[in-house]
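Before any questions on how it binds or moves, here is one chain, the form predicted alone, in structure tokens.
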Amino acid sequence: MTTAITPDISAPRSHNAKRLSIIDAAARVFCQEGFAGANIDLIAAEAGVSRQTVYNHHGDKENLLVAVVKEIIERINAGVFETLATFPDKPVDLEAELVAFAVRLNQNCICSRDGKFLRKLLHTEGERHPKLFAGWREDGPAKTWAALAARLARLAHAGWLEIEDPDVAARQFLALVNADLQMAMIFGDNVTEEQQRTSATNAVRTFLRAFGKARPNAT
């Protein structure tokens, strides 16, 4: 016998806490059921709030999907740039430090809960609601590529790398970082830390075979 999920109203939550709870619950439901199969009652129960609270925050299911996509994209972008801030600008052991950086990219961005949500939503809703993801497509990856390209260009200037086009190198680095994980992520498998590290190691070694130099230029 299935036990109905009822909203927990015993512990009052702040407006923002309720908002985030609704967003996360809606993301899970949209990913599991698709937009057509999702309904406000199920989302409210998952979030532990009343149906009316969901409507008060977002109005309807369409607006809720817009809010979910916007919130996830903002969190992913924040995670990406927080991770980019740890890029090894002045490495001692370039391979080891790039591997550690690539692992952080996998953990914080590509294989994170929000990363999984975004991939699933793109797969299920991207074709039906292309405008929802237009801003991310134009700004998210493009800004990541540009920021990483600038860091790779600095490594090249310091003599660690030999790169003709930093933008191309940045896109290839990011593609390599999750290349070994693509099949598992497509099917929604849980990717282990060991798999993430193996993928990162393979990516960096392949990248350095293409762009690496024996040692930085003496200064």
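Residue numbers here begin at 1 and follow the sequence given. Keep in mind that what you see is a predicted model, and the values were worked out from it rather than measured.
Another form, the form predicted in complex with a further copy of the same chain, is not on view; read the next lines as being about it.
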Among Lys143, Arg113, Lys90, Arg137, which has at least one heavy atom within 4.5 Å of a further copy of the same chain in the predicted bound form?
Arg137
Answer option from Gln32, Gln52, Asn39, Thr192, heavy atom within 4.5 Å of a further copy of the same chain in the predicted bound form
Gln32
Kindly indicate whether Lys120, Glu127 and Phe187 are, all three, within 4.5 angstroms of a further copy of the same chain in the predicted bound form, using heavy atoms.
yes
Could you tell me which stretch in 41-49, 152-160, 62-70, 170-178 has residues with non-hydrogen atoms within 4.5 Å of a further copy of the same chain in the predicted bound form?
170-178
At 4.5 Å between heavy atoms, is Ala203 in contact with a further copy of the same chain in the predicted bound form?
yes
Check Asn56 for me: does it contact a further copy of the same chain in the predicted bound form (non-hydrogen atoms, 4.5 angstroms)?
no
With a 4.5 Å heavy atom cut-off, would you call Ala210 a contact of a further copy of the same chain in the predicted bound form?
yes
